[in-house]
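Let's start with one chain on its own, the form predicted on its own, as structure tokens.
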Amino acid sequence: MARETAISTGNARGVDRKNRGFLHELWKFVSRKPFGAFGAAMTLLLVVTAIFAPVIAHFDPLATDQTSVLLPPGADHLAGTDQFGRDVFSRLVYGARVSLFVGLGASFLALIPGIVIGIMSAYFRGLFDYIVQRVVDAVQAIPGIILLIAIMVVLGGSLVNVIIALALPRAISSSRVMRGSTMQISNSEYVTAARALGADDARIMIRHILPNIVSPIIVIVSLGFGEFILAEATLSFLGYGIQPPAPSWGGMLSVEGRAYMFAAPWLLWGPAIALSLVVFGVNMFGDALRDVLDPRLRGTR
């Protein structure tokens, strides 16, 4: 009995130490990277808003009401209504789902081919590396928005097509970052030792190279997340992204906000503020993650 009590007490102390260690590291991150902490809060707010959109929004984002057209912000409609009587706040909340889905979908859809192409290009080198790098040069030579519009014209306007259009150029360009990180590791001693022990190429790339380039992968995903949200808003603003009446922050800026910016400026304020805060927050969080994960930048303020 006494032994069981001692074990349970030791386990409780261990959990308490872990909790205090986590809180200490969290406070150290907040004090050293306040903008990064703000970015993490904005990212968390976006995720929570997207998940609990039916609970947060009190109106159907697509329901029209001709008796409540262009109402200013008030108690019933926190962000006012648009020209069709739709609640702007509810559309902003459901628009967060589009932004989160686009950010996550495009990030991970671009991540896998970018990693595979980058690692293989640096590992095998030779003719394969030369061809891949010329393709990357050709893609990076085309202005990003022009390339996105061209892809959307071919694919058509839908949420899935937006994700594909955003992920395809990103996968090609991010492969160069993966290539640079792999080239630094491919000549290391443990890779040479694994090759001398008879490990095949696939095992070396998966077991010895991939785990050692996790840091740049996390940084690319975190920084690309905000870029994808902004790019989706740009495409929707230009009419090539999410099609009305689906709620999208870029579409709200283009269709309602631009047409009624003087008569009903709250149609412009809502999506502009939401988009600015989320993109700024995600980019600050990604920048702070880079400083924390990159050994060369640790200790900088």
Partner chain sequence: MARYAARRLLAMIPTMLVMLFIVVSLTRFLPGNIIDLMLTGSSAQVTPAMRAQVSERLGLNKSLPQQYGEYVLGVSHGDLGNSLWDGRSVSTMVIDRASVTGEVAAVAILVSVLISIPLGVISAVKQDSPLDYGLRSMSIAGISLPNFVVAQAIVVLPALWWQTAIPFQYKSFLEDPVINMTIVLPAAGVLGLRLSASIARMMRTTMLDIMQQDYIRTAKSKGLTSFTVIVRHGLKNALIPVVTLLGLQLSALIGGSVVTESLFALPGIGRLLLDAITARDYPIIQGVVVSVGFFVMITNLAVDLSYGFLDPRIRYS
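Note that this is a predicted model, so its numbers are computed, not measured. Numbering follows the first chain given and starts at 1.
Omitted from view is the form predicted together with its partner chain, to which the following refers.
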* Looking at its partner chain in the predicted complex, is some heavy atom of each of L104, F108 and A167 within 4.5 Å of it? -> no
(request) Find out whether any non-hydrogen atom of R134 is located within 4.5 angstroms of its partner chain in the predicted complex, and reply yes or no. (result) yes
Would L289 sit within 4.5 Å of its partner chain in the predicted complex, counting heavy atoms only?
no
ask   = Even though its partner chain is not shown here, does S276 get within 4.5 Å of it in the predicted complex, heavy atoms only?
value = yes
Q. Taking the shortest heavy atom distance, is Y130 within 4.5 Å of its partner chain in the predicted complex?
A. yes
Only one of 119-127, 71-79, 148-156, 187-195 sits within 4.5 Å of its partner chain in the predicted complex by heavy atom distance, namely 148-156
From L268, V47, V30, A246: within 4.5 Å of its partner chain in the predicted complex by heavy atoms is L268
Answer key, its partner chain contact in the predicted complex at 4.5 Å (heavy atoms) among I51, I56, L238, L62: the residue is L238
